[in-house]
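Alright, here's a single protein chain in two forms, structure 1 and structure 2, each given by itself as structure tokens.
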Structure 1
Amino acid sequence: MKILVINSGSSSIKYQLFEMDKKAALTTGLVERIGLDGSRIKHKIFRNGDAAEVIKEIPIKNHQQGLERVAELLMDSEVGVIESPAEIAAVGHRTVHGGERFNSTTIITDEVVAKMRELIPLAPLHNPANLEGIEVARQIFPQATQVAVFDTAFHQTMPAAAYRYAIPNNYYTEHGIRAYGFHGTSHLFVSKAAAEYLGKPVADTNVITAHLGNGCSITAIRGGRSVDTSMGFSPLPGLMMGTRSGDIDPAIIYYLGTKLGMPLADIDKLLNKQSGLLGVSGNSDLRDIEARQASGDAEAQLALDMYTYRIKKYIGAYVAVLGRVDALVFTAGVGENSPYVRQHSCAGLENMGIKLDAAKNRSDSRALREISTADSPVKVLVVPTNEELEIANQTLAAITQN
């Protein structure tokens, strides 16, 4: 059975086609610069252990055209992997915001689309692009069941004490202002993999998962259920990120508006696109910052100090939330690849039972691996995330249950 996973953004569509019998990706690709100059499709196919990539530089006016070209590539005589769109049993859509309405993976109907439209004010940038992807996939793959996998759904198990903000109740009851949390698919995937590695039932396993990519979030998971997470009403709070500030005093926003006369749109841009690692060091890519730090650059050093200090603070907070922690998991681009960040985020946490093994931490293995000392009460793991596979698995589960 084949499942197509789609992540539709405002000017891009990422896709991956899975053969579910083997849990293997047959193709992966990216349509980029939709509606802009220089639009193109990067399409990669995996055959017999080899990968080959084709790049098509073609005008792509909108998402409809983009997905039509993808369907053609999937059926292409040279780089294709299917003969007819009907071979695709289901399309799993990565969907950013499900609000409180969607707490699990959901088969898409007209009613579901209507409810998702009602949620647009909560995610004005992401949900319209996700809906666009859903609308065109329904036209191009009409035989396939369309399934929505929400980034927020995994965190719907948080208790009110964790998700409510201490502002008057009506802002929650009338306007839905609460913490929702994001990156749920990744936190779920790596926490399940960690429990499996530990050989424990998910229901008995407590894990802290640190997803450190361009966006960063950290989650406390008790018995397979998210009980707290660092992102909130939006993906802005919590850890310091590539270009997002993470936690700041909200009074700064008021100050920027009143004292500096900054329009709200500029403040939004400042905190989401010009802050974080970029704002402090001038680079958003951690590799560049690590290279500068190694040659003694003070701004790069400060950015790394702030970045790892914030992670450490959240780990400490989530040890307190969980009481007992079986594993601390690092994942995503930085979490999987930066020994420096892992080392400095865990330094000084030995009394909390977190003891890193310096040599294991430096290993350049790409696989799931343990990087704590043999006597560390909390296992520290590096678990490569695979959000697309998790979306495909959840899509499969949704269509086989119905």
Structure 2
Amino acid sequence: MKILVINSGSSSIKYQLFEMDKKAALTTGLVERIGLDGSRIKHKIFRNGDAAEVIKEIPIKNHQQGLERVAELLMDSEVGVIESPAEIAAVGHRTVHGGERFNSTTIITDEVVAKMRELIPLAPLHNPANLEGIEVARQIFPQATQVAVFDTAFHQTMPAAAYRYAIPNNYYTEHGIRAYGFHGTSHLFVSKAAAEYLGKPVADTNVITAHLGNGCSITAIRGGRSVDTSMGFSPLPGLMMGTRSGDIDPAIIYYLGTKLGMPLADIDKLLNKQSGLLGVSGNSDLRDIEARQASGDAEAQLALDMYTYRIKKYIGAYVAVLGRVDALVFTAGVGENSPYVRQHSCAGLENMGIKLDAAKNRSDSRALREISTADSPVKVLVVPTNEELEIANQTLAAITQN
């Protein structure tokens, strides 16, 4: 059985095609910098134990174009791995916000799509991209069962003290206003991988997982269960991100509307698409910002200082939440690939038992690795996330049970 996993982000599309009998990836790929200069597709195929990669640097204006190119590559005579769309039994979609309506993996129907459209205001950067991926996949692979795997599901174990907001109760009971949390599939996957690395049962392992990409979140996990996370009712709050502000005084929204006369739609666009690293430095891609910082750019330096300062604050908060921490885990594009961010996010946390080894941190390995000192009470790990495999497993479970 072959399952295609599509992970449509705000500026990227990750995809993998799995042979589920062997839990093996037949192909994997990344469409990156969608809508930006330098957009390209990295497409890798695995045959007879060997891997071959092709990189196509082509303009990709939107997710529609990106997914069409992915479908072409999957069936390409030279770098493809299927001859017909009929070979794909199911398509698993990483979907961001399930609201109160969706709290588990769900087979996609027209009704599900309609409900997801109603939830776009809760995830304005990602839900439209997720829905576009679903619509295109339904056209290209009409015989396949389409399945939605929601980021919010993992965080449903948070206690009320963590997920409730201090507003009148009826806003929760009648309107479902609460913290939902996101990136749950990634946090779940890397927390299980960390427990395995530590040689401890998941139920006896406490970890802090920092998912740092264009979107960023950090989660406190006790015994395999999410007990607090930085994102909330939407993916906007918490850490500073590529284009999102992260935590902000809510009175600023009132001020923007009443004093500056900004319409709500413009405020939403400001906080979700024009803020974060982009708002402070003029760039949303951390690679560009680090390059500018290295040459002495003051705005880039400030953006990095703000970015890592907020990560450090949440680490400290979640040490307090968990009490005992076995490991701090960095994952996702920035977390896995930026020694600078890891170093400055951990600097000064030695009294909390977090001691980074500078040489190990600079390693360019892409494998799961330990980057803390030998005597660090808290292990600091870099764990490559594999949301796609987790989504494939959940998709298989959903279509098997249906």
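Quick note, the numbers are simply positions in structure 1, starting from 1. Rigid core (definition): largest C-alpha set, two forms, superposition within 1.5 Å. This is a predicted model, so every value here is computed, not measured.
A.B. asks: Of these two, which one is the form predicted on its own?
C.D. replies: Here the form predicted on its own corresponds to structure 2.
A.B. asks: Is there a C-alpha shift of 2 Å or more at P59 between structures 1 and 2 once the rigid core is superposed?
C.D. replies: Passes the 2 Å threshold, so yes.
A.B. asks: Quick one: once the rigid core is lined up, does D110 have its C-alpha move by 2 Å or more between structures 1 and 2?
C.D. replies: Yes, D110 moves 2 Å or more.
A.B. asks: Verify the C-alpha shift of Q301 between structures 1 and 2: is it 2 Å or more after superposing the core?
C.D. replies: The answer is no, as the C-alpha of Q301 shifts between structures 1 and 2 by less than 2 Å after core alignment.
A.B. asks: How much does the C-alpha of L131 shift between structures 1 and 2, in angstrom, given a rigid core superposition?
C.D. replies: C-alpha shift for L131: 6.4 Å.
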